[in-house]
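To begin, one chain is listed below as structure tokens, in the form predicted on its own.
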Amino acid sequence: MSGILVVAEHRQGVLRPVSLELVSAVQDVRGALGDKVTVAVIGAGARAHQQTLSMAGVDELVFIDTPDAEFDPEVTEAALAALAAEIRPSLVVVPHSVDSMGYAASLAIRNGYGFATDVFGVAADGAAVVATRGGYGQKVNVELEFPGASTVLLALRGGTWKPPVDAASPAARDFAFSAPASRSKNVEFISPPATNDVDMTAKEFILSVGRGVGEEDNIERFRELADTVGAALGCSRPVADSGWLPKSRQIGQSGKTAAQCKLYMAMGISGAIQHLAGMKHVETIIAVNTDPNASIFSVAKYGVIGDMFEIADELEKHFA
């Protein structure tokens, strides 16, 4: 067994961003697992995504044409089983999505793969795959190993890794297989209700508040500060759970990942592992906390040991 198989995902003719994130996710382990990264696209007109997927870190693109353009769980499972039988990968990664829930577990059981879902960390211990995901209601991070499994299938959480930025020219080929008769049919897509709230995953500058904000009446003060400095207002789980800000504003393991964020200011946030999972990859993190031993300082580029309200006052004066 060697190499890595990445399964791209598309919907209504558009490649989903998580497909490129998966390519980044496996780069640190490729050397230990065979050093070849193959990306597979399944569906009618699969080659339409060739240019988008021709990114640094991809060695080979495989296009599997099927009767239907849209996702079919049984056809996808059969296609991946046939391709995996040929290339014999050590690791298969798919998005942790509603689509993969329709085929990933079945594929893993049928082929005897090691299997884990909602994974947000991938490492290698020698030639063995180690996956990190939440446990006990997302209260701890759990490292999973897969003894005896020659192939491991992981469903990776979107918004955790940054996609590659450099283009490349990987080898490309078509792959034929015997598609089974489908027992389902895509009828239509129904868009989710429109929301007036912001998309935190797309914001480049986020100012988040945590327990240190004290009470709900103080939220408005930091909303105004965020507007003043040009940031989106986010929060940690305790603030969202208290109903002081919508859950859509929560950054962390059970909330949103600051996927596109370049500057993250954490005010009054201690840095629990659940929150760090949503922002620790941001290039520049500024932490403000009265506790010099707060975990948030372990990932911050700049740290301020002080009262968040006093720092807010100074920022407002500076930007006034």
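Take the two forms, superpose them, and find the largest set of C-alpha atoms that agree within 1.5 Å; that set is the rigid core. Predicted model, so just to flag it, every value in this text is computed and none were measured. Numbering starts at 1 and runs along the sequence shown.
This next part talks about the form predicted together with a small molecule, which is not shown.
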Exercise. Taking heavy atoms and a 4.5 Å cut-off, does residue 272 contact the small molecule in the predicted bound form?
Worked result: yes
Exercise. Using 4.5 Å between non-hydrogen atoms, is residue 291 touching the small molecule in the predicted bound form?
Worked result: yes
Problem set entry | Proximity of residue 250 to the small molecule in the predicted bound form, heavy atoms at 4.5 Å | yes
Problem set entry | Contact label in the predicted bound form: residue 238 to the small molecule, heavy atom within 4.5 Å | yes
Exercise. Looking in the predicted bound form, is the small molecule within 4.5 angstroms of a heavy atom from every one of 210, 255 and 306?
Worked result: yes
Seminar exercise, completed: Assert contact_stretch over 153 to 161, 121 to 129, 211 to 219, 82 to 90 against the small molecule in the predicted bound form, heavy atom within 4.5 Å, equals 211 to 219
Problem set entry | Shift of residue 15 between the shown form and the other one at or above 2 Å (CA, core fit) | no
Exercise. Quick one: core overlaid, is residue 247 moving 2 Å or more at the Cα between the shown form and the other one?
Worked result: yes
Problem set entry | Shift of residue 111 between the shown form and the other one at or above 2 Å (CA, core fit) | no
For this session: Classify the change in Cα distance between residue 117 and residue 270 in the predicted bound form as closer or farther, relative to the shown form (magnitude of 3 Å or more).
Result: closer
Exercise. Taking the shown form as reference, are the C-alpha positions of residue 158 and residue 249 brought closer or pushed farther apart in the predicted bound form, with a change of 3 Å or more?
Worked result: farther
